[in-house]
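One chain is shown next in structure tokens, namely the form predicted alone.
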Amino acid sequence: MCAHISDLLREIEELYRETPRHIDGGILGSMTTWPHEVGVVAFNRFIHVNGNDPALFPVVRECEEKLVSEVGSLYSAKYGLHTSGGTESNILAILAAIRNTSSRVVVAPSTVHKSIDKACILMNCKLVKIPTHPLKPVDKGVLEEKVREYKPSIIVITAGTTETGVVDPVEEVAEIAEKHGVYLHVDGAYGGLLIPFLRRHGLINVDLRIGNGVSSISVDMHKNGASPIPSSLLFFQDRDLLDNVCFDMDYMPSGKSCGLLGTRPGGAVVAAYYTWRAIGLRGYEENALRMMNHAKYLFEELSEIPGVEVYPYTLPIIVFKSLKYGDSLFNILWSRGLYLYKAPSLKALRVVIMPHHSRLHIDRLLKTLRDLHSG
């Protein structure tokens, strides 16, 4: 027998109440955020739409084109596509680089996202990792040595590493890539919607742009873009690179499919575009500045707690460790509804400041840490 609808709805609500919510302030280590209300409405209204069928659902094509054009203007990019997230974007960037080349070598710092490892496994590429301290950008001199030695098809660097938020030297590595004729992909999943605004205020000295050695940039809309999951953008230097991640689909009305997914949530594309419009450039700039202010406050307050070691930061990701509790602090905080993530290479914890965070959320964490380290 089928379950009664009212019973199922009640069960769903019970599960929802038991599930952590970003707006409650306990989710402090995730790179996801509470989606903007306009994006939620758009996602729900177009929940039936297959993003892989722009002929039947032209709203998908229209919103994707506007997203690429408008968000892409931050990076001087004209070509790109909407993807399911940073992992798909990174995999596609490597595919675009190797599809018409004989080389299957990828050079990257050891601090790159694990999706690069995944991509190399999927496409049988050799991944050459440059040992890089988690609190420092990749050494451009060592990187160039590896480029000369291995003659890679692609270099991957990061504009906001997952573990500590470090930004690799984009312009310097771009010069190396251009000099040696190597494709350069910049993973800006976290930092992409922060760096252009922080640069305007002199808080970071990185010019994140397509061209002059940079072949592609990925930017996640479901991170600092505050769009419903799943949502990322991948920008390319030219149309030929975009064509490298598209495939013939003769049974589809459009005749082709771009990206890894077949059927995909069209609502995510529409939601990303309307979230972008709802927040606007000024709103994203205010978000970036507020997040950096929160990070500065958290860093300074953690520095005053005896028995806590806090590390320097570049973007609003604060990494610290407890000299008193060590690794056990992770479970202690989770048991109290404070969901931080680990920074494994430093044997520490990280707080990722996101658009939904307020000073109250940060103060709750600080109070708990002070209480734990008192006496």
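Computed from a predicted model, the values in this text were never measured in an experiment. Throughout, we count residues from 1 along the sequence that is shown.
What comes next is about the form predicted in complex with a small molecule, which does not appear here.
Asks: Which is the contacting stretch out of 290 to 298, 218 to 226, 131 to 139, 274 to 282, given heavy atoms within 4.5 Å of the small molecule in the predicted complex?
Replies: That would be 218 to 226.
Asks: Taking heavy atoms only, is residue 30 within 4.5 angstroms of the small molecule in the predicted complex?
Replies: Yes - in the predicted complex, heavy atoms of residue 30 and the small molecule come within 4.5 Å of each other.
Asks: Residue 325 versus the small molecule, in the predicted complex: is there a non-hydrogen atom within 4.5 Å?
Replies: Close contact is absent here: in the predicted complex, residue 325 is far from the small molecule, nothing within 4.5 Å, heavy atoms only.
Asks: Given that the partner is absent here, does residue 153 sit within 4.5 Å of the small molecule in the predicted complex, heavy atoms only?
Replies: No, residue 153 sits far enough from the small molecule in the predicted complex that none of its heavy atoms falls within 4.5 Å.
Asks: Give a yes or no for residue 85: in the predicted complex, does one of its heavy atoms lie within 4.5 Å of a heavy atom belonging to the small molecule?
Replies: Close contact exists here: in the predicted complex, residue 85 approaches the small molecule to within 4.5 Å, heavy atoms only.
Asks: Just one of 78, 209, 113, 146 has a heavy atom within 4.5 Å of the small molecule in the predicted complex. Which one?
Replies: It is 113.
Asks: To verify the annotation, which of these, 311, 46, 34, 341, has a non-hydrogen atom within 4.5 Å of the small molecule in the predicted complex?
Replies: It is 341 that has a heavy atom within 4.5 Å of the partner.
Asks: With the partner left out here, if you bring back the small molecule in the predicted complex, are 90, 160 and 350 all within 4.5 Å of it by some heavy atom?
Replies: Every residue of the candidate spot has a heavy atom within 4.5 Å of the small molecule in the predicted complex.
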